[in-house]
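Encoded as structure tokens, the following chain is the form predicted on its own, with no partner shown.
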């Protein structure tokens, strides 16, 4: 392990702890990292290689042994915060056979007939995999709360349900990395405007994003409650300043690397006599 150019451990400096206030986090800051964009791009490339090898070891260990370990990256953030960029530039560098991506949209009619965690449970990563939730069960206490999509007592129940659910998932061997990509309201406006000004970005634009933007203070309050109620020892939240895309990508990569390094997956021993097989092969 090493800090890979970080002046402090990203998993600690970005972690939501007691007394945390979202309003104290500058979305344009780069906590724990003293370098700039160019050095970050170089470190991101090096980190992709390291993460790729670790992911392969994680996958191999689960295929031939009793290892139950997995990693789940939960990505949350306001529209245009950069979740897609994280998926492409951080997770996209590893073998896609070892990655499970779930992008949760508005629940279907069938999903609404079940508890809100029903559809989430089905998309948890298998042992040996890195799972990614592009939005997640937290939409049910963010959009659900801001838009009053469920009664207040049901929203309240969901916080404890989430904690119990994540504690069980963590106990089963899955490291949960929860990230809120934190952009400023001004940065979001620029990113949405760029989507309108560029024809190749029109497909990314959703008129509903402006409707949600008008509720910015309510969403920030909802996030504060989420952090207060669901940043636990088993599954802590990390708030990543995301106005600088390069920093956000490097920070999330560092959090993932730390999680897989903590598992420390090893190449499984051969289940056969290697030397005997060499001789058999040489004789053919």
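What you see is a predicted model, and the numbers here were worked out from it, not measured in a lab. Residue numbers count along the first chain shown, from 1.
One more form of this protein exists, namely the form predicted together with another copy of the chain; it is left out here, but the text below deals with it.
Chemist: Can you pick out, from 60, 44, 220, 234, the residue that has a heavy atom within 4.5 Å of another copy of the chain in the model of the complex?
Modeler: Looking at the other structure, the residue within range turns out to be 60.
Chemist: Which residue, 144, 107, 84, 127, has a heavy atom that falls within 4.5 Å of another copy of the chain in the model of the complex?
Modeler: It is 84.
Chemist: Tell me which of 203-211, 161-169, 136-144, 107-115 has residues with heavy atoms within 4.5 angstroms of another copy of the chain in the model of the complex?
Modeler: So the stretch in question is 203-211.
Chemist: Does another copy of the chain come within 4.5 Å of any heavy atom of residue 177 in the model of the complex?
Modeler: No.
Chemist: Does any heavy atom of residue 189 come within 4.5 Å of a heavy atom of another copy of the chain in the model of the complex?
Modeler: Residue-level check for residue 189: yes, a contact with another copy of the chain.
Chemist: Whether residue 96 contacts another copy of the chain in the model of the complex should be assessed with a 4.5 Å heavy atom distance threshold; does it?
Modeler: Yes, residue 96 is a contact residue.
Chemist: Please run the contact check for residue 88 against another copy of the chain in the model of the complex: heavy atoms, 4.5 angstroms, yes or no?
Modeler: Yes - in the model of the complex, heavy atoms of residue 88 and another copy of the chain come within 4.5 Å of each other.
Chemist: Look at the candidate spot formed by 64, 92 and 101 and say whether another copy of the chain comes within 4.5 Å of a heavy atom in all three of them in the model of the complex.
Modeler: The answer is yes; 64, 92 and 101 each reach another copy of the chain.
Chemist: Using a 4.5 Å cut-off on heavy atoms, what residues in 255-284 are near another copy of the chain in the model of the complex?
Modeler: 267, 268, 270, 272, 274, 277, 278, 280, 281, 282, 284 sit within 4.5 Å of the partner.
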